[in-house]
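Only one chain is included here, represented as structure tokens and corresponding to the form predicted on its own.
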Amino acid sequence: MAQRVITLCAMDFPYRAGHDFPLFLAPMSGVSESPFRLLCRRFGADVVVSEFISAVGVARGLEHLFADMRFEQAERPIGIQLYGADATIMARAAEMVTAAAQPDFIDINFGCPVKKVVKNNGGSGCLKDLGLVQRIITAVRSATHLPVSVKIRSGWDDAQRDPVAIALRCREAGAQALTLHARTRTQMFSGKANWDEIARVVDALDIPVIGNGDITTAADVVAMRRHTNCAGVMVARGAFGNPWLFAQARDLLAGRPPRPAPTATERFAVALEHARLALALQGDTRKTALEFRKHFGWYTKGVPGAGSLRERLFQIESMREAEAIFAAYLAGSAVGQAA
């Protein structure tokens, strides 16, 4: 494989965060909210991206979407990700996001496989029409002074699987960086991501390529870099309840032994820190607690008695209940160890 490595820093893209090989937190609906983005930044994520946001909703001025775009200054560099299938509306939304949110870059979603997004040809649905992909990128580039990146999949299905051709069309239209999740839309999240495809896209493009897919451990970050020569790695589901993955990966990338996995006490402390951030940024309401249940489920994965612990946490209606459940669990563990 050719050793032509293009770094994000060299391309004047706003990923500069003290490292030549940046780690990204992926845009994920219901997960990549401001509290989790802040937490991942603290643990070593260099760049974060918002949940994907409807360009149609932005163009209509829907207030809740502008609320979803809010972020803390500590989250920078941050991108706002937009999805849509109309170039004119995408351009209008990009212009409005640039003025209202003032992120560091705009990311275009050509990768989301979720039915409610693709049914109107948004997300990965756009990959069925590469002319549309190009028109959207060109329009967004003309509507904002911010850098514009794109996130794609390897194609709509196996019959239309050609990530290099898709990536080249994105580059021709003006994309300044590209993330490839090396699965097709029809694969959803099944099977294995094809890292060879990421390597081929890296070789084909003269812009930074970020690798995405099947990053669940710190070792996976190093393996993807070695396998593909990508300019950075994006972590998605592997970060669920696991923000320390970024710190462990940074250790490995720096040639240090990775810091040990957290103890149950440390995991629960981070879970509660995350919860308190959610309360502070999203409001101390029953709705916040209910929506946070999934995070507690992820944080408890792998601890002894996780099943019964999650059963109790999935019934909470306030964060105080969660604190009491964790405290009781740890007290019980301590008693068991003493006995």
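Numbering starts at 1 and runs along the sequence shown. On a predicted model such as this, the values are computed, not experimentally measured, just so you know.
A second form of this protein, the form predicted in complex with a small molecule, is not displayed here; the remarks below concern that form.
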- Note on the structure: Among 211 to 219, 86 to 94, 158 to 166, 128 to 136, the stretch whose residues bring a heavy atom within 4.5 Å of the small molecule in the predicted complex is 211 to 219
- Message: Only one of 303, 277, 62, 28 gets a heavy atom within 4.5 Å of the small molecule in the predicted complex. Which one?
- Response: 28
- Note on the structure: Residue within 4.5 Å of the small molecule in the predicted complex by heavy atom, from 236, 143, 173, 205, is 236
- Message: Let me test this: is every residue among 52, 151 and 183 within 4.5 Å of the small molecule in the predicted complex, going by heavy atom positions?
- Response: yes
- Message: Since only the chain is shown here, I'm wondering whether residue 242 would be in contact with the small molecule in the predicted complex (any heavy atom pair within 4.5 Å).
- Response: no
- Message: Within 4.5 Å, heavy atoms only: does residue 109 come near the small molecule in the predicted complex?
- Response: yes
- Quick one: does residue 228 come within 4.5 Å of the small molecule in the predicted complex, counting heavy atoms only? no
- Message: Taking any heavy atom pair closer than or equal to 4.5 Å as contact, tell me whether residue 81 reaches the small molecule in the predicted complex.
- Response: yes
